[in-house]
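Have a look below at one chain only, the form predicted alone, in structure tokens format.
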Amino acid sequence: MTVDDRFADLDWHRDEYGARGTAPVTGPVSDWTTDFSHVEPEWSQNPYPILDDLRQRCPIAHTDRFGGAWLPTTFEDVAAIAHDTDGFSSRSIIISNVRPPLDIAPVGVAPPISSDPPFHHGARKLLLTVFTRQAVKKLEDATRAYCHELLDQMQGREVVDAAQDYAQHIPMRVISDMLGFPPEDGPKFAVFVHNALEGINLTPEERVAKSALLTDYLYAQVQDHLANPRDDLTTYLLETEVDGHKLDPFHVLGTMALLLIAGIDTTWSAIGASLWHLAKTPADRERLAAEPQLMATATEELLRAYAPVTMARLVKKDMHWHGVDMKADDWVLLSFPSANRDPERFERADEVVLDREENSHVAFGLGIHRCVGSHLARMELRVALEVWMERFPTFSLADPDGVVWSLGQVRGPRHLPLRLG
């Protein structure tokens, strides 16, 4: 079979959402212990008081929304589930009103993050060499230059939207360059991210239609790379072999989708949340401006305090787990932000301590699915903040009420009006 044969006559619009579809559920939460919802404005604006309260009163909350889901809030419980691949499946890591059928395991929709053992090991190994610390270091100069280019466009402006004008563009450029996608397609990437991560309360039919926009785009990129191979991540996925066989086309497309969506939104959110914190906390901003050597430690603390990512798992079989009765195919939300603010794990857990020495945070996850791109994300966040602080050491929130946070499992500012100077 040739590379071209693999991608012939595939139906990219197949319905992968055949199990336990439920109607959309929205509206105010009646009781966070029994009716939580991570897609309500109250959660997106500030989830931390909710999580703190749950951790004390009901460490494993439940909701009937989304067909049934659980929310562990302690570091210990989040870590236990993250490491338990026998009891919990990763075949779908974004909670929505639909669950992919069981037969999609162990590969899942976006390998390796959606893959279960033993398939996961090989799928992850394929990407490790691409995201080593040494490989990422080669991207730093170009990333820094692009950050300066973005800030050049802000010169002379009194108020800028640091999310729309800065934070979102950095990971878009970096990941599009790595995948070999046209950098001018950035606006399309923003739509794909929104559809995948914030459109979770849509009907199954709507989700399938919107996911088709992404798969159609990726398929076009595959065809272009088949016709014009080059030294990038897409060509690597098309040409690499495992046990003498090239990757299944759905594996290729799923991994491309993962790198595009996760590679953009998580870092976009982390950069934006960090700038938001510094804008609203003059003491921290001034200290970081006076002590630039503190940046590496500070970025780790900002990652801990404003960890953007919450992952999901699916319960494999009925079980009694840590005092609650979980049913097969129940969702479980792994709130790494909640784990990072557990006072049993971190001193002054609810404070940002820029020079925190001991900081074993889990912003990049735990277990076999710990983020394969963590070195890349760290570099982008550090460089984005270094360049911003160098160019605009004095800034503040122009309109605190104008800050808009994303809904769903990746939390970061989507609009962040900052006043420069």
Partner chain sequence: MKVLLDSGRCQGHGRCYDLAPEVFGEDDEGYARVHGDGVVLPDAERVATLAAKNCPENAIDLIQDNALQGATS
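In this text the structure is predicted, and so the values were computed from the model without any measurement. Numbering follows the first chain given and starts at 1.
One more form of this protein exists, namely the form predicted in complex with its partner chain; it is left out here, but the text below deals with it.
key: its partner chain contact in the predicted complex: E357, any heavy atom under 4.5 Å   = It does: once its partner chain is placed as it appears in the predicted complex, E357 has a heavy atom within 4.5 Å of it.
ask   = Using heavy atoms and a 4.5 Å limit, would one call E300 a contact residue for its partner chain in the predicted complex?
value = Result yes; E300 sits at the interface with its partner chain in the predicted complex.
query = Can you check whether G67 is within 4.5 Å of its partner chain in the predicted complex, heavy atom basis?
reply = Flag for G67 set to no.
task = Flag Q134 as yes or no: does it have a non-hydrogen atom within 4.5 angstroms of any non-hydrogen atom of its partner chain in the predicted complex?
result = Taking the distances in the predicted complex, the answer for Q134 is yes, it comes within 4.5 Å of its partner chain.
inquiry  = Just to confirm, with a 4.5 Å cut-off on non-hydrogen atoms, which of N228, T129, Q155, Q293 contacts its partner chain in the predicted complex?
reply    = None of the other options qualify; the answer is T129.
task = Scan R345, R173, K246, R144 and let me know which has any heavy atom within 4.5 Å of its partner chain in the predicted complex.
result = Spelling it out, the residue with a heavy atom inside the cut-off is R345.
query = Using a 4.5 Å heavy atom cut-off, which stretch among 26 to 34, 41 to 49, 370 to 378, 387 to 395 contacts its partner chain in the predicted complex?
reply = It is 370 to 378 that comes within 4.5 Å of the partner.
inquiry  = For the three residues K188, K210 and V410, which mark the spot I'm curious about, does each lie within 4.5 Å of its partner chain in the predicted complex through at least one heavy atom?
reply    = Not a single listed residue reaches its partner chain in the predicted complex, so no.
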